[in-house]
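Only one chain is included here, represented as structure tokens and corresponding to the form predicted on its own.
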């Protein structure tokens, strides 16, 4: 893995200033003040919102509380999507802080998965890491790790410990010296303009002629609508971690440096802001 540790740190420590407000129809015993938090982009909503939950439960009666869920401007927020992805996809053109509404009733069964405990988040996270390694190394790296290594990956994310996480994750980002990259790049492409949750296909980081594939090559093949026509203006932004990487960036480098902790590149295709 090429060692651009500053990039890894910048990605890990990315934060989104967020204002949580209680939904107006929730029954409270006194007024619920908003709660402000810097959300880590690389984590999951249900992993980092214990304080939010406690804050609002203080003004509510026990019988009025059921499973907590969040929404932004009417869209329920999927807890199993990383926070940075949710923001890029749904709110990147909004002013900060990001406004999130908190609900304790009316769980939207059709839109969200239940998240009964932190174990559920851990199971989802580890399943993504294993899927990514199946694509990158035919599962060889993750299968050679011990149970305690898997636990260290999870605890590094859970406790926001960069060094603890990367001590293990580094192994998942390596490839044999004779190769030019992973077998396939783990990626998912998301668009708000389609019903399909995301696009995911097999795509190699290196072309048959030995040239490194770029982000532009990937988009041309799997999501051509994301790229501007030769003669037209760009209608979309292509975002990873809140930035628009150059389309000439090698996909292998992006996979090593801009993947989320689950080892996937989560790419948002969003309409170009009109202002």
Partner chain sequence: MPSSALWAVDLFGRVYTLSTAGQYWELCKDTQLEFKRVSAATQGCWGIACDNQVYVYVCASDVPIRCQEEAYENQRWNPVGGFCEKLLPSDRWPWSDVSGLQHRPLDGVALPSPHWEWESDWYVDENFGGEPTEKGGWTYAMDFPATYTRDKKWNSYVRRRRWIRYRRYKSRDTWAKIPSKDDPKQLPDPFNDLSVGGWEITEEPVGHLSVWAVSLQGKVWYREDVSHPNPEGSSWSHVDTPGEVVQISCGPHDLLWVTLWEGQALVREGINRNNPKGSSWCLVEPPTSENGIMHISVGVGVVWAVTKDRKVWFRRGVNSHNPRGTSWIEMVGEMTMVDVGLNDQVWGIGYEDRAVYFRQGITPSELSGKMWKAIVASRVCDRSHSGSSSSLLSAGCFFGDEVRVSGDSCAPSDTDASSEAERPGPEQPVPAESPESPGNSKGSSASGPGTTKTAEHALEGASPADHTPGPEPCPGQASTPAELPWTSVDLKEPKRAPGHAAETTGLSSLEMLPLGSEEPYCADDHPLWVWVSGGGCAVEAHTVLKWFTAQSGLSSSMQTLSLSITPAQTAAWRKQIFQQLTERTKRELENFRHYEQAVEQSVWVKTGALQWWCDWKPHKWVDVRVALEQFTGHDGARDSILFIYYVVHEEKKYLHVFLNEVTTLVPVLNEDKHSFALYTPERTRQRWPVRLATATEQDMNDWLALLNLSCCESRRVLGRPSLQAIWSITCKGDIFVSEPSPDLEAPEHPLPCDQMFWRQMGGHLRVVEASSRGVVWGIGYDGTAWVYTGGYGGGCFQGLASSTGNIYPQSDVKCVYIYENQRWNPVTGYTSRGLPTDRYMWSDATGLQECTKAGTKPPSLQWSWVSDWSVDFSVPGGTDQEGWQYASDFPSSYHGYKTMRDFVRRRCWARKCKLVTSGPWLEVPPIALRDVSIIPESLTT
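Treat the numbers as computed from the prediction; the structure is a model and nothing was measured. Residue numbers count along the first chain shown, from 1.
This next part talks about the form predicted in complex with the partner chain, which is not shown.
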{"property": "Contact flag, residue 41 vs the partner chain in the predicted bound form, heavy atom cut 4.5 Å", "result": "yes"}
{"property": "Interface membership of residue 221, the partner chain in the predicted bound form, 4.5 Å heavy atom rule", "result": "no"}
{"property": "Contact of residue 51 with the partner chain in the predicted bound form (heavy atom, 4.5 Å)", "result": "yes"}
{"property": "is_contact(residue 158, the partner chain) in the predicted bound form, heavy atom dist at most 4.5 Å", "result": "yes"}
{"property": "Heavy atom of each of 115, 126 and 205 within 4.5 Å of the partner chain in the predicted bound form", "result": "no"}
{"property": "Proximity to the partner chain in the predicted bound form, single hit among 248, 63, 209, 29 (heavy atom within 4.5 Å)", "result": "248"}
{"property": "Listed residue that, although the partner chain is not shown, lies within 4.5 Å of it in the predicted bound form (heavy atoms), from 201, 183, 130, 170", "result": "170"}
{"property": "Among 162 to 170, 100 to 108, 131 to 139, 191 to 199, the region lying within 4.5 Å of the partner chain in the predicted bound form by heavy atom distance", "result": "162 to 170"}
{"property": "Residues of 87 to 109 having any heavy atom within 4.5 Å of the partner chain in the predicted bound form, listed in sequence order", "result": "87, 96, 97"}
